[in-house]
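Just one chain follows, in the form predicted alone, and it is written as structure tokens.
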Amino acid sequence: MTVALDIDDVRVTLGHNEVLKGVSLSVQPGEFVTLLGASGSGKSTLLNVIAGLQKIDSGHVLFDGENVERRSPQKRNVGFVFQSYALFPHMTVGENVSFPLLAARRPAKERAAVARETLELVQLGGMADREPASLSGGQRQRVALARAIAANPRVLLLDEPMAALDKQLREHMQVEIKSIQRRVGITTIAVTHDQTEALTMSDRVAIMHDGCFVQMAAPTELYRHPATEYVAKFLGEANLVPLYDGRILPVDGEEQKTGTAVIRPEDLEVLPLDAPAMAWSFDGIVRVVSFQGDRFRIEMDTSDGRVLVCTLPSTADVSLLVPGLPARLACTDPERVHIIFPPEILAQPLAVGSAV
């Protein structure tokens, strides 16, 4: 029963603040899309718009091409997993999961059967008679997910579903939720401010900023080819190097000096100081070398006042990197350098909200 979801030029004003500024989004049936952005960017408001919990000033919300913006939340058939899980403490796990079916006046036998099947799907078989208070955080999250999908909703909405979990469990549940979503095949929209979570779970990620979409793409494309400096800095660490810094690139047969190079920390490596200079090599003074378990993180002050960040595997030889002493970092593969050009240089600027 999964559907195609379309958000068409939706605007929402709360008080005197325009929270959504004409956003548009197309999601294919069964696709997993995550809205990623800082607090106040509009992502939770958009999730509430899809659920029918937030009225819109203008625009349309469509399920399989049919306008639903005037339908109540109950008539949209949307499953919602809240950050707090919102389980009923006075009900058993099975009763929590089957509650949407109870509200729909489905027979008790059917409710029990669906609860058992859905709990098996989320690997909680045999726990129908447990109380929510007796479960771990990860188990409660699975119950909330089971309840959301028990009534076979048309769209599944996840609002910061891993926020209450510790790091290790959160990483495990990211994989589990994506696996369950694929098996069920339900169109899913998630909201998070956790970049790793968004990249791990999603088919596509939509970056939101100040009530608008900045860029939407597959996780690898978004990370390797950010459309703007905001996206580059928001999605993981990035070294931003102005092209006027002695580096000139040919564009359409002409030399282009205006733009910004994006170099990810993991794409830099250490070179001996007497090694030949390269197009993307940088000299400076080592600021700090930090051991972080699976990697080393290095910060280097360059002569022009920037700070470059480099990450190396924990097995790397960092003997050449001594705080306070000079060092040379370089990206030896030019293909790993992404250039962001000003919009006026691009023949066809990125269509906001589209896949690239």
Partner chain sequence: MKNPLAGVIGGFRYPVVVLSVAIGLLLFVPFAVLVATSVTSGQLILFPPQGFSLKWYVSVLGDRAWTDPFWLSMGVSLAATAIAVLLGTSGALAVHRIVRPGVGRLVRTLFILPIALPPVAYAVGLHRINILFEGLNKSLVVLVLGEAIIAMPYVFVLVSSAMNRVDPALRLAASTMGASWPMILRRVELPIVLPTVITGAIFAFSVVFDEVVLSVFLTPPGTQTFPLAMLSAAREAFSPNLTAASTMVSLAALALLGIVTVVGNRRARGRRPVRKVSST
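This is a predicted model, so every value here is computed, not measured. Residue numbers count along the first chain shown, from 1.
Here the subject shifts to the form predicted together with the partner chain, a form of this protein not shown in this document.
Engineer: Heavy atom within 4.5 Å of the partner chain in the model of the complex: which of F80, F234, Y223, W280 fits that? Just give me the one.
Structural biologist: Of the candidates F80, F234, Y223, W280, F80 is the one lying within 4.5 Å of the partner chain in the model of the complex.
Engineer: Tell me, which of C212, L240, L169, A163 has a heavy atom within 4.5 angstroms of the partner chain in the model of the complex?
Structural biologist: That would be A163.
Engineer: Is there any non-hydrogen atom of L53 lying within 4.5 Å of the partner chain in the model of the complex?
Structural biologist: Yes, contact at 4.5 Å.
Engineer: With the cut-off set at 4.5 Å between non-hydrogen atoms, does H193 touch the partner chain in the model of the complex?
Structural biologist: Answer yes; at least one heavy atom of H193 falls within 4.5 Å of the partner chain in the model of the complex.
Engineer: Using heavy atoms and a 4.5 Å limit, would one call R147 a contact residue for the partner chain in the model of the complex?
Structural biologist: Within the cut-off, so yes.
Engineer: Taking any heavy atom pair closer than or equal to 4.5 Å as contact, tell me whether K109 reaches the partner chain in the model of the complex.
Structural biologist: So K109 does not count as contacting the partner chain.
Engineer: At 4.5 angstroms, heavy atoms only, are P73, P100 and R140 all close to the partner chain in the model of the complex?
Structural biologist: Yes, each of P73, P100 and R140 comes within 4.5 Å of the partner chain in the model of the complex.
Engineer: Quick check for you: of 267 to 275, 89 to 97, 121 to 129, 201 to 209, which stretch puts a non-hydrogen atom within 4.5 Å of the partner chain in the model of the complex?
Structural biologist: So the stretch in question is 89 to 97.
Engineer: Scan 301 to 321 and write down, in order along the chain, each residue with a heavy atom lying within 4.5 Å of the partner chain in the model of the complex.
Structural biologist: None of them.
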